[in-house]
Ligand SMILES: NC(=O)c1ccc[n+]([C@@H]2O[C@H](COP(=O)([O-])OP(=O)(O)OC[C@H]3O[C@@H](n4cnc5c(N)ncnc54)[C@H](OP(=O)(O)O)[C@@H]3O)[C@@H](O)[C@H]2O)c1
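As a starting point, one isolated chain is supplied in structure tokens, in the form predicted on its own.
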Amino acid sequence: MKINRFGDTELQVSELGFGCGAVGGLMVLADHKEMMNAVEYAIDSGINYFDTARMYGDGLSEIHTGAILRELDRTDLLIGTKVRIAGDEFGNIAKTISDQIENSLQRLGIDTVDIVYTHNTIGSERNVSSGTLSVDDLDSIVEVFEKAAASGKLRYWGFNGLGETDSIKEALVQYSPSGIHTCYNMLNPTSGYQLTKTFPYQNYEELMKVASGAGIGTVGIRILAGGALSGSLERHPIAQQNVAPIATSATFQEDVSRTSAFEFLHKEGFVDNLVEASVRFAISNDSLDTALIGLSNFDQLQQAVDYANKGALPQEALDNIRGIWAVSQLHE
């Protein structure tokens, strides 16, 4: 497994990261044996970054992830988690963030977490109902992050790169986080590629490239578009059954239908299937430090590792994908 430096930090992260979220559900709802087998296999395969959050399974993901890593006695692995403000918590952001960091440490069973991210979207103005933080709201959050880092509770901190593109970029310049999560997949590659203003989905205007150029570590999320890029509507029993797309179509079903534009990758022999295409597409971008794979079972992990070990897609395939963005149904 290829290892990348995470921005300007001294952290070294595997190019494939272990997503512990509820969309896949493995670290929330699977039985202990399957969780343990998956984590052991991931570690043996070179994966060293585990990405969780207090929201995943109402804390269960943090509890399970922490417990299994402790059981394996692997304190050398990297853990990222997230804090999120909601509703009345906007009335005292600093206290909420401080309390959530403490609670996450308790659930994980550790004294120090490697990196903590905000989980809210970022916009020009605060919107309590949607959970959107204004750029100014980040002031008090960053202050808490810095105090927590100084006291040894966290090593680094970062932001969720979802929300309004201009506001996210403004936050990067103003606060210089160590890391950022960014949505990146074949349906919406705008965080890593410059596309036309007519692109039908949110245009992140090369956010990932901008962050990487500024020494900010990059974590790719939704590299399978919540599973849509499998090309199938079928969901694993423990996976989230209703997936809200991020910066793509209005519905999961529409995302699935649009994956047909990339079937040529299989038909022309570049890959065995669209999941392989999606994984290898993500790791083909040098601006992405680690790509999170959401998981429902051990087999999915094993396949993702196999695909990542095949390496980046050939340049011919990448060029042809760019042609799809330019002329295909993605620009209806």
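Note that residue numbering begins at 1 and tracks the sequence as displayed. In this text the structure is predicted, and so the values were computed from the model without any measurement.
Unshown form predicted in complex with the named molecule; subsequent notes refer to it.
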**Asked** Would Asn37 count as touching the named molecule in the predicted complex under a 4.5 Å heavy atom rule?
**Response** no
| task | Look up in the predicted complex whether Ile246 has a non-hydrogen atom within 4.5 angstroms of the named molecule, and give yes or no. | result | yes
* Asked: Does the named molecule get within 4.5 angstroms of any non-hydrogen atom of Ala42 in the predicted complex?
  -> no
**Report entry** Partner proximity in the predicted complex: Leu288 to the named molecule, non-hydrogen atom cutoff 4.5 Å
**Finding:** no
Partner contact check in the predicted complex: of 29-37, 261-269, 66-74, 297-305, the stretch with a heavy atom within 4.5 Å of the named molecule is 297-305
Partner-free chain; cross-checking the named molecule in the predicted complex, the single residue of Met208, Ala239, Ile168, Leu154 with a heavy atom within 4.5 Å is Ala239
Of Asn160, Asn188, Ser178, Ser104, the only residue with a heavy atom within 4.5 Å of the named molecule in the predicted complex is Asn160
Of the residues spanning 92-130, the ones with some heavy atom within 4.5 Å of the named molecule in the predicted complex are His119
